[in-house]
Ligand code: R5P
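This document starts with one chain, in the form predicted on its own, laid out as structure tokens.
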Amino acid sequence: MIIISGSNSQNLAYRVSKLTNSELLRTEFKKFPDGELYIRIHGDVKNRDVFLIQTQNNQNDSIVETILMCDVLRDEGAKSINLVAPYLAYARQDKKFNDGEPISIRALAKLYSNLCDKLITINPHEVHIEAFFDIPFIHGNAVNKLAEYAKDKLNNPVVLSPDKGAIELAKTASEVLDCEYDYLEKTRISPTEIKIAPKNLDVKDRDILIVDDIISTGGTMAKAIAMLKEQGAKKVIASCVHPVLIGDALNKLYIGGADEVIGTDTYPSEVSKISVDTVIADLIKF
């Protein structure tokens, strides 16, 4: 088994290669003045199972880079090409809302299905996108890693998901923390006022871990944190697998009352305090 890194995941690929006792090949990356990418893989991949680790946090460049790398791996005779995209770009564009819109992840799934033999990702926003792929689509879960990191920071904890749809994430984290879990429910009090509170549990005098797959703009999460503090929560840690954190999202969370914000290195950021290296290593061992 050979590990190859995309430009966004060089440190992660190194750690995975050590965990799996695999050979790590050098990949050379350049960008021409007009923005076009240059790729060169150094080493022999002929008749070898190759795992390309490339998170797609800079979306379009990383997608083009992935396409070029998969093409050269096939051209150089790799036995199998296994794309590991810890953060899979366009995965949230999984349905059509208006006429004329593409289902973007479906279009990309067709490309990956032609280029690769397998795709591995971490906590996709919706698992039903698997149906768009004609190759094995494997998804790991890094929520337990978030919970393990927060475990010693919380007293009398409760785990919350931001909505009912993410309740399984809260359940996973609660099993690590050995505590109760719930989801946040929005209730409209008036045309201009919305209350956000746990559906079933009281948070007064408790420490809270909020878990989600992704935090993007941070607006809704910040409001939820502020209301939890108003309801008597002592400490609130906001956590997510993919810390996209657009613009001033992190500032919003701290002003809202977050005591700490944590994420993983699926989407490298200043709060990426947890690595998914062991999650990936477990997924690719065979």
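None of the values given here were measured: they were computed from a predicted structure. All residue numbers refer to positions in the sequence shown, first residue = 1.
The following text describes the form predicted together with this ligand, which does not appear among the structures shown.
Go through R74, R92, K171, R106 and name the one with a heavy atom inside 4.5 Å of this ligand in the model of the complex.
It is R92.
Just one of T220, T27, Q231, S62 has a heavy atom within 4.5 Å of this ligand in the model of the complex. Which one?
Partner contact (heavy atom, 4.5 Å) among the options: T220.
Is there a heavy atom of H139 no more than 4.5 Å from a heavy atom of this ligand in the model of the complex?
Close contact is absent here: in the model of the complex, H139 is far from this ligand, nothing within 4.5 Å, heavy atoms only.
Please run the contact check for I214 against this ligand in the model of the complex: heavy atoms, 4.5 angstroms, yes or no?
It does: once this ligand is placed as it appears in the model of the complex, I214 has a heavy atom within 4.5 Å of it.
H125: heavy atom within 4.5 Å of this ligand in the model of the complex?
Answer yes; at least one heavy atom of H125 falls within 4.5 Å of this ligand in the model of the complex.
Evaluate D117 for contact with this ligand in the model of the complex, applying a 4.5 angstroms cut-off between non-hydrogen atoms, and reply yes or no.
Close contact is absent here: in the model of the complex, D117 is far from this ligand, nothing within 4.5 Å, heavy atoms only.
Stretch from 206-214, 107-115, 93-101, 76-84 whose residues place a heavy atom within 4.5 Å of this ligand in the model of the complex
Partner-contacting stretch among the options: 206-214.
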